[in-house]
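Two versions of one and the same chain are coming, encoded as structure tokens; call them structure 1 and structure 2.
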Structure 1
């Protein structure tokens, strides 16, 4: 049960002013998609919830390997779309049927004029749905943000080039510094490093 698994270059220089920097989590390096895919499956099976995989490109099937389940973006998109439908419907029917009815080339001034309103209802539905999807996705990813603790680790920059990184956060209920580091070593991680905030 020694901490020798951990690499020594863990303490970031950014936080030298602090007495004890808070631990963000433990990260491990992998060299191929297959390695990190199988590592992710084992971390998932070990029951971790707050962790992530970083790779230079999307890896097919990684959401299953991580056990992510369904995204809630679709629910946000549906709610936003229904909001758009309602706004479009009220925005058009209220003035042109109730508040200030205008007879335009002999068409009835009641709900049977609804085909005329469809384009705006449709466009607002699509617009709100698109906004809901994009901003909902950003919110669920907690974006935008200025910085991320993983950037304190200089080797993390290589994740945009040829490195695959799996990071388990300290907030995870199952997180224990030495045992988590050993797990990462067991699943094939290299250069296992403690990351500080």
Structure 2
């Protein structure tokens, strides 16, 4: 068994059949977009950092309700692009100007030859930016991950149909099984379930 339902009492109790399971987190169900939106605001205000909302469709304003800032992928892409520009510039200018300065048809042997280097510099900038964007996005999303612990919860399959789920990870510094379950109960969560790895 990979998930256990916490009792609906004021102090939820853990029911488990494993000996020493590793807890992934706690998930709760919500019945509407308004309910999960307001629950997300309260979880954000409670100071949790490692949690997520799952729904059958995008919910307008959920990023703000969760307190998500701007993505860091653009910064990673910028750094990768500047790296590509630098590599292209050095790759072209060092041999042509410093190491092997060849005068061909009277061309200058200094930085005035840089227009001829633009195609290589441009292509390396785009290539590094693309790789930085893809691998930066994968790293920030902690991917690839072949299986997610929430998939072990049988009710989670309904998220693609009509279910709204808020899951708080056990890695969050503020996570405590009982208090986190109580918070989810307080914000209107139903079927509060402890999820195992």
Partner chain sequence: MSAVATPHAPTVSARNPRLESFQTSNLGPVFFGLMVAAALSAVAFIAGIFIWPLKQVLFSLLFGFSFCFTVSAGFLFWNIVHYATDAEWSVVVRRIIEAGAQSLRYVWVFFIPLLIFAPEVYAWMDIGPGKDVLLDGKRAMMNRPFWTIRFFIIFPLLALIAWKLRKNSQVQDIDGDPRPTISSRKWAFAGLPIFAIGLTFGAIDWLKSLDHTWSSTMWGVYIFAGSAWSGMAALLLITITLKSHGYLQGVVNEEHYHIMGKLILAFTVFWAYIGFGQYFLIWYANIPEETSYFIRRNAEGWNILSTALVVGHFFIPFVLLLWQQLKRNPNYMRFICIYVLCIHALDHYIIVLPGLHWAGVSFNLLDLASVVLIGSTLAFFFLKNLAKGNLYPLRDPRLANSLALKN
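Treat the numbers as computed from the prediction; the structure is a model and nothing was measured. Residue numbers count along the first chain shown, from 1. Rigid core: the largest C-alpha set superposing within 1.5 Å between the two forms.
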Answer for which single form is the form predicted on its own
2
For the two-part rigid-body motion between structure 1 and structure 2, are residue 192 and residue 148 assigned to a common part?
yes
Please report, as a whole number of degrees, the rotation of the smaller rigid part relative to the larger part between structure 1 and structure 2.
19
Backbone CA shift between structure 1 and structure 2, residue 85, after core fitting (angstrom)
6.1
Cα displacement of residue 144 between structure 1 and structure 2, once the rigid core is superposed (Å):
3.2
